[in-house]
Each structure stands twice: as structure tokens, then as C-alpha cells.
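The data below hold one chain only, encoded as C-alpha cells and taken in the form predicted alone.
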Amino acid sequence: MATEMKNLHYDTSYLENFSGRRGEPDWFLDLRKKGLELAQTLPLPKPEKTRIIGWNFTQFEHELPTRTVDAVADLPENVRSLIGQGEQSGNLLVLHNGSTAYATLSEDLKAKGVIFTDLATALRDHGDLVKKYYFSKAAKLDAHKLTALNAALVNSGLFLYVPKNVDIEVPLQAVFWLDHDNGGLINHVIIATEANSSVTYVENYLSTTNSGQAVANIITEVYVGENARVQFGGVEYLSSDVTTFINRRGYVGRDGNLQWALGQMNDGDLITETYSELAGDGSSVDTKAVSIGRGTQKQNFVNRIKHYGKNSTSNMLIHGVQREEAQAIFNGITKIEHGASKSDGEQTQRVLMLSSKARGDANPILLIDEDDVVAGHAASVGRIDPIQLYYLMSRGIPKNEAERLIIHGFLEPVVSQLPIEGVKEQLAAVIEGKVQ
């Protein structure tokens, strides 16, 4: 069944029926209703220098046809090509149009109390645990219309829980795959790690829609416990007919460490924010991201870090490439709050434009409310170096091939530092596809 949602024309009766069919707990339905009420009145987000009025965030089909498979070999080739270390380690979750198509978790991790499952199953089997983290300290349900809409209509998601003192040495991987024209992927991911635990999580977003107007509304909450470590790798490749909103938020406890490694390779219009809150003393975050804009797409990237804990450390390294008539805003914001003494916040943003019609703005911002800190930023925006291009072409390399090599060279300083080997390999393949 495909139920179309236009301009928020749906009611609590629909939510009750949808939630009831999924066997969700009452508290979750209550949050759906609250989200629906807020979505009717809250404004859209207001990304700096990006006009999103007229973007399609609300018109999509909500209940989508899904399929299951018995083995990875039964998945389409473009989905299989994304699956790497997750399959090798026996820890893999593939969601097709919001529902589980294939899932496996090693017996060893199950015995240790690790939970790695789709959100619908987690709500049925571990509802009280999900409630502890869902729209808790990281994400805010009432931030704006799109966060409220996520709460009201979430139809996809994942819950990963790592108990205290559990060190997961192998990566866990999730693939979110949308192939329904005009479909809405309203996704919510929760990663929760208790004290002294560690995990590497890799996710991929892929759409294989052919026409229409699809929507991806994605919220991720990452909770890093005391002295815990989370490596988060993500590669997105949603097609040009998908309007995308992504809000990733991390909450880091005392001496915890969070690493974001992101390849943002979508082809459609996009607004995204990666936010990290260094709540505990000695906490740290490292954000590395690369992106390529092409065609006429418009993108707005915000990377925001707040220091609350003493001796907290942050580093941000962002590289973006703009081709043809693509436009993008890159905002990097580091805030050191009063009381976060001995903290260190550094950020670097670089944007390369390959066309006279392409536009990329890098805006580094430091907000310092504490004296005893170290902070710095660097930013550059420019066109391709004609000397580099001339040098390569003088060696017999065609212009298109020379530009391809320059793009790879420009992104390599970030890609090479990504902490997850599987993400490096996937990202290299996606970059090659986008620069051809």
C-alpha cells in the first residue's frame, strides 16, 4: 500500500493505524502525535544563504513496498557493491524502503548483549532502552518542522546498542536503500555506547529511483559514554530526484571520543548539519567530510561543535568540490562555552570550483566564551589552478582527465585520513563515479 502525504494533510487517526500495525509502544505513538502537532506550526529550518522555499520536504508516499532476501547475493548489484566489511564480519543490516531486507549479527556480539536491529524491531523488543535515547540529549524533536516531521512519520531506522566494557573489534554496517519513485525515507538512527565500550559503524544511503520527487529525512543520534569510542563512517549517494535533510548529532561523555568520517556525494538538493556536543571533561571529536556538487544542485553543509567539558578537543577538516552550476555553503562553527577551560578547537575548510558558474562559500566561525583555550581556523575558496591544469595537459593528458586527477588530489588529504578503511574504499569508488 502506498499512502501519499501532501502538505501535511494527515491526522492522528492515520498515525494510530500506522503505529498499531507496527506494534509500537504507547510512548512512541505519543511522540508521533506530538511531532505531527508541531510539524503543523513550526517553520522550516533557515540555512544560511540557501533558499529552500519550494523544496519538496512533505510530498511523498509514506508506506512503501519492500522485499526481503535470503543472502547478500540476492541483492541488486548496485547494493552489493556497497557491502564490504559488514558482510565479512557477519554484522550487516540492509533496509529496503525502510524495512529490513537482510540482517545478520554474529553470535559472539549477541552473547555480549549487543543490539543491532531495525528501529521497528527494537521498539517491540527493547522499547524501554530505545526510549532512553530517542530524541533525548542529542536530537531535538521541536527544533523545526523537519525534525517534528521525522518524529511524526518515521518509517525507517536502526538501533545499535553496545553495553558497558564491550569492545567491538569488527565493523558493523548498514545500508539504507530507496528505490520507490516519490517515496519518503523518514529515517532515524540511534547509536548508544555505554562506558568503556567501542564500536565502528559504517552506513550507506543509496537511491535507485527513476523519476518523480523522493524525500529523505534523516536524523542520527550518537551517544558516546564515559571513556567510550565511536567511529562513524557514512557514504551517501542519493540521486538527483531526492530532496534530502540530514541531521547527525553526537553527545560525548567524559573522556569519550567520536570520529565522523563522511562522504556526502548526493546529487539532489541537500541541507545537512553534523553537530557534536563535547559534554564531558576530556571528551574529543574529529570531523572529516568530503563532497562533490554537480549539475544545478544546491547544498548547505553545517558542521557545528560545542565544547562544554574542560580539556575537550575538536578538529574539523572539510573539503568540497563544485562542478558545472552547483552551489554550496560550507559553515564550520566551533563554540567553546564558558567553563570549558584548556579546550582546543581547530577547523579547516577548503572549496574548489571547477566552473565559472559554480559557487562555493566557506564560512569558518569561532565563538569563544572562555579565556584559557586554543582555537584556530583556516578556509580557502578558489578555482582550479591553471598552472596545474596546463602542466598535466602539456604531458598529453586530456583536459577532462586532468581535471579528474586534480579533484582526486584535492580530496585525497581528507580521504587518506579517514579512520575506517572500508569507507575509504567506498568513497574512492563513488568519487570516481562523480568526476567521470
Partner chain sequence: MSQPVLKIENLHVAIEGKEIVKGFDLEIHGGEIHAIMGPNGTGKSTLASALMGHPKYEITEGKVTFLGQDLLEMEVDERARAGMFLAMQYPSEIAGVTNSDFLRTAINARRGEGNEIPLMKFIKKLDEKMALLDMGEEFATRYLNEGFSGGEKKRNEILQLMMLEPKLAILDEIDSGLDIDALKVVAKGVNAMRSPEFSCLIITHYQRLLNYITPDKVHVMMQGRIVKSGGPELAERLEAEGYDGLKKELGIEEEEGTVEQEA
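Residue numbers count along the first chain shown, from 1. Note that the rigid core is defined as the largest set of C-alphas that superpose within 1.5 Å between two forms. Just so it is clear, the model here is predicted, and its values are computed rather than measured.
The form predicted together with the partner chain exists for this protein as well; it is not shown, and the discussion that follows is about that form.
Using a 4.5 angstroms limit between non-hydrogen atoms, L367 is distant from the partner chain in the predicted complex. In the predicted complex, the partner chain sits beyond 4.5 Å of every heavy atom of W27. Contact annotation for I406: at least one heavy atom lies within 4.5 Å of the partner chain in the predicted complex. For A378, no non-hydrogen atom is located within 4.5 Å of the partner chain in the predicted complex, even though that partner is not displayed.
With the partner left out here, the partner chain still marks one of 59-67, 370-378, 28-36, 391-399 in the predicted complex; by a 4.5 Å heavy atom cut-off that stretch is 391-399. With the core superposed, P413 shows a C-alpha displacement of at least 2 Å between this form and the one not shown. Core-superposed comparison between this form and the one not shown: the CA of Q59 stays below a 2 Å shift. After superposition on the rigid core, the Cα of Q388 moves by 2 Å or more between this form and the one not shown.
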